[in-house]
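Just the one chain here, laid out as C-alpha cells, in the form predicted alone.
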Amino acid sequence: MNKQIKEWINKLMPLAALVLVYIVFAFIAPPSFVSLKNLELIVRQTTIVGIASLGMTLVIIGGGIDLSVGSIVALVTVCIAWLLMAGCSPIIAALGGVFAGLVCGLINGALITRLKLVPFIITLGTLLVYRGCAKGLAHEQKIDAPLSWINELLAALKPEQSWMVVPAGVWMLILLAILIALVLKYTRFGLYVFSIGSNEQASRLCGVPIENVKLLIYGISGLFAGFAGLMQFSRLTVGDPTVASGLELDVIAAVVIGGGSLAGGEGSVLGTILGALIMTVIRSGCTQMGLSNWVQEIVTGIIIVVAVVLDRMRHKQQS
C-alpha cells in the first residue's frame, strides 16, 4: 500500500466513523433521532465546540496545547453580558467579548514564547486566572442581559427564516472553517504551523520565526474561543462564569478524533469538524435513549482513548 493511499485512508477514517456512529444510533435510538429537527439540533450543538476546535487545530498542529479555552469562553459570556448591562449596543458587546478572547489568547502566546515553558503548564495556570476573572467580573453570579439579536444566533429557525437552512451561528462555523482550511493550505503561515509541529528545531534553523508564529497561533485560538463564547452566550442568553467547564477537553478531543496528533505536525479542519460532530451525535443518541450523563462520558472517553491509540500505532508504522 503506497503512501498516498494511506493518507487518503487516514483522511476518510473520521468520516467513516461519523457515518458508522450515526447508523448505529439510527437503529437503536428512538425514531426521533433521525428527524430533521434532531439533525438541526445536532448541528447547532456542534457549533460551540466546532468553532473553538478550529483554533485548537492550529495549536495542536503546531505542537502545543491550550487548556484555557473553556475559561475564555466563560469570560467572554460574562464580558458580553456586562457590556449589554452597561448600555452598550449589541454589536459593541459582541465585539468586546470576542476581543477579550483574543487578548487572552495573546497573553497565552506571550507567556509561552517569553517564559519558554511548556504550553500545558502555562495554559493550566491561565485556565484558573481567566475563570477567576470571569467570576470576579460577575461577582460570582450569572449576569442577566437584555435581549438582542445576539440571542438569535444559535436559536432554532422560525418558519419565516427557513430560507437560511441553518441558524447564523452555524454559517459562522462554516465560514470560519473554510477560512482556516485556506490559511493552512495556501499561506506561508500555514506552512510554518505544520513545520513547527513536525520539527521545531529544524524549523528554527530554516529561518522560521518560531516565537512570532506561536504568538499568532495562540492569538487565533483565543479569538476563536471568543467566537465560541459569543455562541455560548447566544445559547444561554446570560453571562455565566461557571459555564464551559471542561469544554477544553471536548475541543481537544474533537481535534484528536478528527486525526490531529498530540505530537504535532498533523491535523485538518475537516477532520476536526467531523470529530466534533461524532461527539455530538453520540451525546444526542445517548440522550434520545435516556442514558445518563455518566454513560455518555464513558463512551466519549473510550473513543478518545481509541483515537489516541490509533494515532500512536500510525506513527509507529511510519517510523
Partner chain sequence: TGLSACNREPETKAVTLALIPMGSTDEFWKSVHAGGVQASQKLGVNIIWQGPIRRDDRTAQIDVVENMIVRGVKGIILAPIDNMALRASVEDAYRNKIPVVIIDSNLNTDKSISFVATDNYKGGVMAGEHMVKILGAKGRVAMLRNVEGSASTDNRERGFLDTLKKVPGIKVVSSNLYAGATTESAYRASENLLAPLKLAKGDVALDGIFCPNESCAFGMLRALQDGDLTGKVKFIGFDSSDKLVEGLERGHIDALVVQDPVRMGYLGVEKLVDYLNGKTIEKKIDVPATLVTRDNLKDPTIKELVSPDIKKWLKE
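Here the structure is a predicted model, which means the values were calculated and not measured. Positions refer to the first chain, counted from 1.
The same protein also has a form predicted together with the partner chain, omitted here; what follows describes it.
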(request) Pick the stretch from 234 to 242, 99 to 107, 86 to 94, 168 to 176 whose residues have a heavy atom within 4.5 Å of the partner chain in the predicted complex. (result) 234 to 242
(request) Indicate whether residue 147 is a 4.5 Å heavy atom neighbour of the partner chain in the predicted complex. (result) yes
(request) May I ask you to check whether residue 284 falls inside a 4.5 Å heavy atom distance of the partner chain in the predicted complex? (result) yes
(message) So in the predicted complex, is the partner chain close enough to residue 141 to count as touching (4.5 Å, heavy atoms)?
(response) yes
(request) Examine residue 270 and determine whether its closest non-hydrogen atom to the partner chain in the predicted complex is within 4.5 angstroms. (result) no
(request) Could you list the residues in 268 to 293 that come within 4.5 Å of the partner chain in the predicted complex, counting only heavy atoms and keeping sequence order? (result) 284, 286, 287, 288, 290, 291, 293
